[in-house]
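The chain below stands alone, shown as C-alpha cells; this is the form predicted on its own.
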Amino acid sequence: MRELTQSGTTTIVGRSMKTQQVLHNIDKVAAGRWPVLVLGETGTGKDLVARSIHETAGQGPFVPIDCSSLVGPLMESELFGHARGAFTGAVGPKLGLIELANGGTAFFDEIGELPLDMQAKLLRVLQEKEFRPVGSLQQRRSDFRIIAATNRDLAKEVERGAFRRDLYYRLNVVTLRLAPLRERTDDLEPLIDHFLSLYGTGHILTPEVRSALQGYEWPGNVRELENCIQQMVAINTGPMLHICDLPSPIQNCLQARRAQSMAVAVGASGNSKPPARAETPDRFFNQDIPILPLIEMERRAILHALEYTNGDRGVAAHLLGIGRTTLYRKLKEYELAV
C-alpha cells in the first residue's frame, strides 16, 4: 500500500520480502521507458505500483485509463478524442486520453476488459505513435510510456481468442506480479498501523482483534483491509476496538472457525472409546463427572454475562466477543428469556 505525502510522491507500505522485491523492481523499470504489465488480484495495489513507477521516473503527466468503464459508442472518443461535428453533441473538438498522456505515462487499468477492435487501434498507437481522432482526417502524434494492469490471466485470454497475441507481446516486456495479501502476512502489521494512523484518532486494536486480522484470508486484499479499518473507526469513538467491532465477513469467519472447532471436539469425543469398567477408577462412577458439554458451557456463559451486565445485551455481547445479532440468535436457540 502507498501513502501520499505532501509533495505528491508515494511511499509503499510493507516489509515482506515480496513487497521489497516489488520496490526493487520499481526502481529498476523506472529508469527506462519499457512497457510494464502489472498482474495481481483485485485490491493488491496495481494502480499504486503504476503511479510509483511513473513518479520515480518523473516524466510528464500520469493518465489513468479504466478500461472497464470504457463502454458503448463513445469509447473511441474517450481514448482518441474527436473533431467538432464528429457526431451529435460534438459541439467542439475534444482531446482524448491518449493525447493527454503525451510525454508521460498512460496507465491502462484492467486492460483485459478492452474489446478486440480497440485492442487493434491501441496496438497501432504503440507501434506508430500516431492516431486519428474520431471524425478527423488528420493524424496526431502521442509518445507515451504504457503501463497496463489486469487481474486476468492474459496468456489464457490470448489462447481463447479474447486478447490479441501481438498486443500481449507488445505489453509483456516487463512483468510485475503482486502477491495477494494472504501470501505476504508480514505486511499486515505495518498496513494495519498505517491505516489506523491514517483514519483513526487514537484508536487501538485489542490483541484479540489483531489476532483475528492476522488469521483472516483477505479475499479483497489490501483494499479490504483498508475498508475494514475505516469501518471500525467510523462507528467507534474509541480508543479500544474489540472483536465485536470487526466487519461482518470477519465475524462470520470467526464464527465458522469456532463452530468447526466445536464439531471437531464433539466428533473426537464421540469416536473415542470409553475405558473398560475394570480399568476405570471407581471415583469416576461414584460421583458426577465435572465436565460440561460445550453447548451447556456456552449457555451458562451467556447467562453469566447478562447477569453481570444487568440484562444489557449490547454490553454482554461485547464481553462475550460476539455480535449483538449473534447473541439474540443464541438466546432464541437456548430459549433464554432474559
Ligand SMILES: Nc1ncnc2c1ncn2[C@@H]1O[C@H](COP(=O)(O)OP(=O)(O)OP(=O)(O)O)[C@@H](O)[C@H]1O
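Note that residue numbering follows the sequence shown and begins at 1. Everything numeric here is computed off the predicted structure, so don't read it as measured data.
One more form of this protein exists, namely the form predicted in complex with the named molecule; it is left out here, but the text below deals with it.
Candidate site formed by L191, H194 and E226: every one of these residues places a non-hydrogen atom within 4.5 angstroms of the named molecule in the model of the complex. The named molecule is not shown here, but in the model of the complex it comes within 4.5 Å of a heavy atom of K46. At the 4.5 Å threshold, heavy atoms of T11 reach the named molecule in the model of the complex. At the 4.5 Å threshold, heavy atoms of S136 stay clear of the named molecule in the model of the complex, well away from it. In the model of the complex, none of the heavy atoms of L79 sits within 4.5 Å of a heavy atom of the named molecule. In summary, the region of this chain contacting the named molecule in the model of the complex, judged by heavy atoms within 4.5 Å and restricted to 307 to 315, 57 to 65, 36 to 44, 294 to 302, corresponds to 36 to 44. The contact residue chosen from I98, L114, V222, L176 relative to the named molecule in the model of the complex is V222, the criterion being a non-hydrogen atom within 4.5 angstroms. Of the candidates N151, N102, T206, N172, N151 is the one whose heavy atoms come within 4.5 Å of the named molecule in the model of the complex; the others do not.
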